[in-house]
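The chain that follows stands alone, in the form predicted alone, written as structure tokens.
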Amino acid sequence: MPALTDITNKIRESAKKLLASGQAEVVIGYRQGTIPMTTSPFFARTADECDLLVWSNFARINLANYLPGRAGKVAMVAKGCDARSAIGQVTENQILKDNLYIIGVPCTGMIDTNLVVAKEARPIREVVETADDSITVKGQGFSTDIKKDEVLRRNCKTCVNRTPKLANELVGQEVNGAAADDFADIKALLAKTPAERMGYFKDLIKDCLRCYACRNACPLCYCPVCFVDETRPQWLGKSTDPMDTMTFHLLRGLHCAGRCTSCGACETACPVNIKVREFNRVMELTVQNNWNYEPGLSWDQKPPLTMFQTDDAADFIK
């Protein structure tokens, strides 16, 4: 992989060309955060603003969340999962394909800051991304090297679509997907009894605050009014009642079935570190098994659960 500074420079160069040529009115990317190990979404509209764009191992946010309903021509810096989310939004008519330009960045995975802090609890004042496979965190009186593969985000460890295949251009060399079975633990879970599975999910969400950060961070959640906010009629209670909380997560998982790209935005946003992606992963495996479908890999193919065909198999609902 090229050095991160090389990728940053190529992103800036591409962004300037797109703005100058009129191919994009705005380039959505990342800028350096105000504290170490962070980046923030950034909307570059001028050449000078393009010089603020960066690429790092902490570009965690899925920028496709800013696309639905956007008018005009827009370019987006995208990892593999982000690009798939954007392509899904095109197939769901949330943005016109002709208005979208994807600057694809092959990705070896983003870093989980919680895992970094678990390895180095002292206040971190600076992070040096010395190489593609390691980082160095620094503070008062210390400098600690950490291997990147030891602090990868959970979804990044098993990502099989690390290179944005349908991007308009690629910045950097293609990278291979992970060889691990992303669904090994889900298959083991589904082999348990219904009561055991329900017990697992009840324990999983027991600390849920119903803050909806997972929903708000998700590029798939663009409904004008979410079912949890509907009042006429009111479908769901507003408290942290266990049944209402479970209903929220189950219905959101079903809503994302055949659409989730395992970008991990929901888990990153959760303030109490719930692995909310587990609901989505169950549905992701179900869709793959029944329709051999993965979202965001085609501009034309729509998610199976948004379509109906007379020869559709129905055994899965029995």
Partner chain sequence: MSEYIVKENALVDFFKSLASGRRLLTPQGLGDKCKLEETPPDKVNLDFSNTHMSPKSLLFPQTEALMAFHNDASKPQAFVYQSLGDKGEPLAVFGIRPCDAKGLSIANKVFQNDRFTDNYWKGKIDQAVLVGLACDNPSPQCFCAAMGGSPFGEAGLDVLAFRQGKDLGLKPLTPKGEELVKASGAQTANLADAIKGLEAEAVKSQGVPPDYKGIDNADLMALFNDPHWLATAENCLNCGVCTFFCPTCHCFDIQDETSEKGGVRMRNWDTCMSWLFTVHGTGHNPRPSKTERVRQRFMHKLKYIPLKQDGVRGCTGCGRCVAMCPVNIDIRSVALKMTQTAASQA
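Please read these numbers as outputs of a predicted model, since none were measured by experiment. Numbering follows the first chain given and starts at 1.
Form predicted together with the partner chain: not shown, discussed below.
What stretch, of 251-259, 289-297, 63-71, 275-283, brings heavy atoms to within 4.5 Å of the partner chain in the model of the complex?
-> Correct option: 63-71.
Is residue 231 close enough to touch the partner chain in the model of the complex, meaning at least one heavy atom pair within 4.5 Å?
-> Close contact exists here: in the model of the complex, residue 231 approaches the partner chain to within 4.5 Å, heavy atoms only.
Within a 4.5 Å heavy atom cut-off, is residue 190 in contact with the partner chain in the model of the complex?
-> Residue-level check for residue 190: no, no contact with the partner chain.
The partner chain contact in the model of the complex: residue 162, any heavy atom under 4.5 Å = Flag for residue 162 set to no.
Do residue 210 and the partner chain come within 4.5 Å of each other in the model of the complex, heavy atoms counted?
-> Yes, residue 210 is a contact residue.
Contact at 35, 237 and 244 by the partner chain in the model of the complex, all three, heavy atom at most 4.5 Å = Every residue of the candidate spot has a heavy atom within 4.5 Å of the partner chain in the model of the complex.
Within 4.5 Å of the partner chain in the model of the complex, heavy atoms considered, which of 178, 186, 146, 124?
-> By the 4.5 Å heavy-atom cutoff, the listed residue in contact is 124.
Who in 141-158 is close to the partner chain in the model of the complex, meaning a heavy atom within 4.5 Å?
-> Going through 141-158 in order - heavy atoms within 4.5 Å of the partner chain in the model of the complex - there are no hits.
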